[in-house]
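This document starts with two versions of one protein chain, written out as structure tokens and named structure 1 and structure 2.
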Structure 1
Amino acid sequence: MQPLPGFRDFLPDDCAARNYIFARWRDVARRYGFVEWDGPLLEPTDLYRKKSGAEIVDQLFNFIDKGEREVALRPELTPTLARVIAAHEREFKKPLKWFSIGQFFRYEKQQRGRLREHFQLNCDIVGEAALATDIELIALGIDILRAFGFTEKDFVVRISDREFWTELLRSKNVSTDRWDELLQVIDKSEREPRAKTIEKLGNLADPVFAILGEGGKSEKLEQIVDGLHTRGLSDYVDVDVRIVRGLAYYTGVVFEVFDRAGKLRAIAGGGRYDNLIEQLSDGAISMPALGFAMGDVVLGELINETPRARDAMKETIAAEHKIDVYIVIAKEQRRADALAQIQQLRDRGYRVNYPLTAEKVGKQFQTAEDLGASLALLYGDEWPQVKVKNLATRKESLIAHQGLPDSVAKFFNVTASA
């Protein structure tokens, strides 16, 4: 009776929380001028084998389809985005600012903050190499989290530049086919025992730990911090060379977002991938690009652990889920009359509910309260009048059944302007 390990059922409260997250993701992305797009859930396995790097390939949900194709459920969106851009590049004015919300699948070891399916918001900017773009993207990431009520005390964006590491590998004449593997070792160094990292890095261990010790300084990263300072957002970022990112395609500035307390896994991660589109189009199209993805799992954990954010979510959901009108059918002879008016009220856009079968009047009023209805309309002995009860003030009155939708509309207009 259980879902597969790492998969979730979304009961109504979980769906409400998910929709709350999606609404804020969508709203802030649009505020920044991003437009929504999506790709297929299933892609050729090769797309990830070539582009995402070894770690993700080990985690693929892949199989052979009935047409003998090797396919995989998408573990991430970036390779799909690069494929789509390479195919449709001429149809759009650059730079493109695209966002997408969807579900992704990785066969990971299930642990806190990591499941086998999760939802991501992806935001990507394609066709602009200027550093102003990196700043805009990081500002977007910060503002999305601010929309949940988080402050600089709750989360931090740790920014870095992969070039710190690729320059080191280049200067040590490490062959490029080992870069992916070594970058992953550096990426994991924070979470692994030092001895294990030293063993994996071999003679690169000393220079790597030297860079980690110095903390890394670069003009590029300083400019990013300055750019965020101009927007009043610099308290949200720390320069941190330990951020390397586990995916293979990043080329420049990279960043990850963490809770300030450092208890949770990354909330979001991204960076520049200026060569990916060129590689995917076999050199036909070259275009700089950058983006990030934010997952729903860790974000949900942080919301639940932060009273301000949790209360804001609960209040918003409670308000959004209220119904407008509950119809109390006190006399079954009036059911047909009530249904005719329920139809009219719903046609006007009101959220209306009623008992599907005969029920005691007291129980019906209780249901009206439970559903958060503003008004209860009672169909019974008063007919051809209808008894109206304002459930907030408990005031009752009688209104004619003719023109009832207008009377209801008047009530809501008055309440809305009060």
Structure 2
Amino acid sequence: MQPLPGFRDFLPDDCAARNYIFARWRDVARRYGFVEWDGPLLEPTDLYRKKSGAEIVDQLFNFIDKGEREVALRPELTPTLARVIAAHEREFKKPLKWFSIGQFFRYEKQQRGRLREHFQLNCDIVGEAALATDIELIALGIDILRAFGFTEKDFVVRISDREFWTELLRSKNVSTDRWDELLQVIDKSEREPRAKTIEKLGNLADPVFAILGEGGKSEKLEQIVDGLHTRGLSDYVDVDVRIVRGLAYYTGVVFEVFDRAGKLRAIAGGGRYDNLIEQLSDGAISMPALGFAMGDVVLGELINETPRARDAMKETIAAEHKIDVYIVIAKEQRRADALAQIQQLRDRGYRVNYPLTAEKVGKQFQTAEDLGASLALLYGDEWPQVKVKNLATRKESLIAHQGLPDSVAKFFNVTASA
């Protein structure tokens, strides 16, 4: 039996790698003043139709539930965010700075960097239109990747402004019904042959390629780069007006994050969507908003392809897998005494393991080594004393069992201070 196509099993090392990613996502988001929230895995299918149109259904895991409701496993979080804010925004001071780490599902062909399920970090700021908010969000994305050991040589944030293109389409009297189609053509222009892009753009080809050739000059984007320069982060960004983000709901500054080598799909992407909450809440509330998402699949590939980041992850995981104390039970008559003190040590927060059944003493010490224990405590003929072995130095000593928890605490305090 194998997992379904596009789905993953998380064996202990895989789960540890996933938790490593989650921990850094949470740590950096909280340093920026973001608070965590989440929504349900299952939502009405109409919530996604309202945002993306009827064609989105082909990309969903959707079904009729036992209450005869048409529902879908969430493919993204933004529609849920709009629904929640419409219902609860009066309960919170603005701007809202929220992040979420959740699992998402899309029924599409799996390929490198894209599976049918993945975990994703979402960071959104709602209720503030100032450009400082865009700078803050881009800085957050940069710092999250820096937390994994990446530098400006490993990744780049390519920033743009959809107003370049909406102003062009407006000036050329292009019907708004065609905007989404043409913006997606521009968004894909880097990945398609020039002739194919020209064919799709028609009369718009010359002005579009003129803007692309100039690289795009924008006071707004210059202010963003200057703001990041003040923070020492401008080496991580490039202005690139080819970045459009094909999704129709973006209204202003957009950005995508790529590995510098150009081997992988986008690591993250987002931008400003000032009209979406009003649209998804049926006009109940109108608030400026912007956000980005970062998935675990492409990020995991970049970590594994970057020796510095990969080694840091492995080192952290190895340290977290280690236990503090291993209990060696040399005499089964002492098992009850050992179990009582195991509980005392665990109550103090130490990671403690022991043999569940009788084993040879040598095998127990080998297990202690394999688990990376710092101390081995031996319960045997020495009772009512316990033999303590420092597995790093091989030094042994005897301690009265009554004071053992305090002696263990003293050992780890000394080790930490050293």
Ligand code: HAM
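Note that the coordinates shown come from a computational prediction; the quantities given were computed from them, not determined experimentally. For numbering, take structure 1's sequence and count from 1. The term rigid core refers to the maximal set of C-alpha atoms that superpose within 1.5 Å between the two forms.
- In this pair, the copy labelled structure 2 belongs to the form predicted on its own.
- Positional change of Ala195 between structures 1 and 2 reaches 2 Å or more at the C-alpha, relative to the superposed core.
- Relative to the superposed rigid core, the position of the CA of Val185 differs between structures 1 and 2 by 2 Å or more.
- Once the cores line up, the CA of Leu375 ends up less than 2 angstroms apart between structures 1 and 2.
- Once the core is aligned between structures 1 and 2, the alpha carbon position of Gly53 differs by 4.9 Å; this is the C-alpha shift at that site.
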